[in-house]
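There is one chain below, alone, in structure tokens, taken in the form predicted alone.
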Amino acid sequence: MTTSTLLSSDVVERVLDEALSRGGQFAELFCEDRQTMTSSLDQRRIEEMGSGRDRGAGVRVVVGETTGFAHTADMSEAGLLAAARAAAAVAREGGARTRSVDLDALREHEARAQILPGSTDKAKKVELLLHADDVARSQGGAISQVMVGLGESSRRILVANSEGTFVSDHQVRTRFNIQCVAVGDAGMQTGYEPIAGTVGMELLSLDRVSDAAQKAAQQALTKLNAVPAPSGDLPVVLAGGSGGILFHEACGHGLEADAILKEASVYAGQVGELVASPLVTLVDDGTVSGEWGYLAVDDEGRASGRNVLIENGVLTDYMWDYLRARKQGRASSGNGRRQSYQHLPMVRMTNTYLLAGSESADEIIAQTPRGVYVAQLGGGQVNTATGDFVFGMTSAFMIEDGKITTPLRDCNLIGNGPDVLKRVDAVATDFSMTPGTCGKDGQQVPVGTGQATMRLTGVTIGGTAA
């Protein structure tokens, strides 16, 4: 099945005409057919091998500052027309009129996947899960538990609107997670390593699965020897790929246009201002093929783009969806995203990263007499209005005399996003990306984050050492 078979152009035009029939200024139809497959293993037992499917459509109608939205799982023409009428009910009293929609020729985008979800037999999946378990356990007898998960998804979307947009996309994503628990004198410690990409099962070679399993197990084993982290303001070196989530949360959300137009962001009105170290160039880029936040088109049918947000420390632009861009008389930046057909789109990041620098990662560490080396950040909380944040460090080490030394117990990184951007004083060449899931207003979407090894001159460490 191709995405275009979700609906014919004739049906789409009739639905949009109905959506506009009560005075709507803009109407949009979003159709989705999503299939998911999950497999999991815990303690060498297969816990789950299941699949699911969710199919439906959402209709959005805009009248002035008011948006009407209705969604339905009934993909018949009658069901879609009913949803269009429900969304159009927000039209101004007496504003009924007739408007005809002429769609552009359908632009189709197909998945960049060699092995599509559902084409790998269950025995092969079980082999991968058990292989990860074997490799993880082989790292040391202290590994007491291994949990492995495999997720595949196929998402076909069709977007059409009253401006003539008519586009489809097929998004295939594959994710493999390994979590290990090690037990020792310091109690239980965990390690975690994901493999993820907007590709098919070709992502998961045995060598790549082995490498991830080794990393997860070694992280858990290393933390058995961890000591309490220091507290106070210290230089922090973020390993390549590890700190992208910090900039995604502490800075990225504040650069989304909905927060800007509400003046709920510390970055409102700062375009053209120096907001970061000259070493910082921050980009949101949905065109990075294969990465977790890759999109051919966003969920409003706009082509994804490479959007430079901060260049050499200067704020250059924000991220935009259709509605926010329309209010400002400009084009969308391809950042309109939604969790499913049951949700309205909003401004969201795709792959957000800091460009690499020119220094050696080893030299940056060697030039740091004392500090903290963060190999992996965990979850965190951010206030977009102020930029204040708290992040957990799930894998961190002391830096002493320019060398990475003692592992640290889990602790917090506390600071302010705009302040941290100004504290970047060294950026290496070893750029890498990390997959993640971003939550905003109750909606979850896949995103990528990334950066090269970099040093922050001082960040508050919330440790417990005396």
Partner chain sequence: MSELLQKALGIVERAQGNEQIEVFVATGTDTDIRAYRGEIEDLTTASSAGVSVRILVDGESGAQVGSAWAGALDEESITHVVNEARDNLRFASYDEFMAFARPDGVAPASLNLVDAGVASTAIDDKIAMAIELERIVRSGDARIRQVDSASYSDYIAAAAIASTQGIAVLSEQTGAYLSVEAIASDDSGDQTGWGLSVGRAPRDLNVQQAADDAIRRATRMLGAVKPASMKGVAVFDPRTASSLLAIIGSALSGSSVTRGRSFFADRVGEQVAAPMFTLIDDPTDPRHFSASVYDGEGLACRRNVLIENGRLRGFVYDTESARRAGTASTGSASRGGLAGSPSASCRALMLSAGEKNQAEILAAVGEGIFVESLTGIHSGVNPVSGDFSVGVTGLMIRNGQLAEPIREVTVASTLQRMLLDILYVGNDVEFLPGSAAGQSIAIDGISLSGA
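Positions refer to the first chain, counted from 1. Because the structure is predicted, anything quoted here is derived from the model rather than measured.
Although it is not shown, the form predicted together with its partner chain is what the next lines describe.
Asks: What is the one choice in 279, 81, 356, 344 with a heavy atom within 4.5 Å of its partner chain in the model of the complex?
Replies: Checking each option against its partner chain in the model of the complex, the one that comes within 4.5 Å is 344.
Asks: Name the residue from 77, 317, 163, 388 that puts a heavy atom within 4.5 Å of its partner chain in the model of the complex.
Replies: Only one listed residue qualifies here, and that residue is 388.
Asks: Tell me, please, which stretch of 396-404, 427-435, 64-72, 24-32 lies within 4.5 angstroms of its partner chain in the model of the complex when heavy atoms are compared?
Replies: Within 4.5 Å of the partner lies stretch 64-72.
Asks: In the model of the complex, does every one of 36, 441 and 462 come within 4.5 Å of its partner chain, counting any heavy atom?
Replies: Yes, because 36, 441 and 462 each have a heavy atom that approaches its partner chain to within 4.5 Å in the model of the complex.
Asks: If we define contact as a non-hydrogen atom of the residue within 4.5 angstroms of the partner, is residue 422 a contact of its partner chain in the model of the complex?
Replies: No, residue 422 is distant from the partner.
Asks: Does residue 205 reach its partner chain in the model of the complex, with heavy atoms at most 4.5 Å apart?
Replies: Judged by the heavy-atom cut-off of 4.5 Å, residue 205 is well away from its partner chain in the model of the complex.
Asks: Can you check whether residue 147 is within 4.5 Å of its partner chain in the model of the complex, heavy atom basis?
Replies: Contact check for residue 147: yes, within 4.5 Å of its partner chain in the model of the complex.
Asks: Whether residue 189 contacts its partner chain in the model of the complex should be assessed with a 4.5 Å heavy atom distance threshold; does it?
Replies: Yes, residue 189 lies within 4.5 Å of its partner chain in the model of the complex.
Asks: Between 403-431 and its partner chain in the model of the complex, list the residues on our side with a heavy atom within 4.5 Å.
Replies: The stretch 403-431, when checked against its partner chain in the model of the complex, contributes 409, 410, 411, 412, 414, 415, 416 at the 4.5 Å heavy-atom cut-off.
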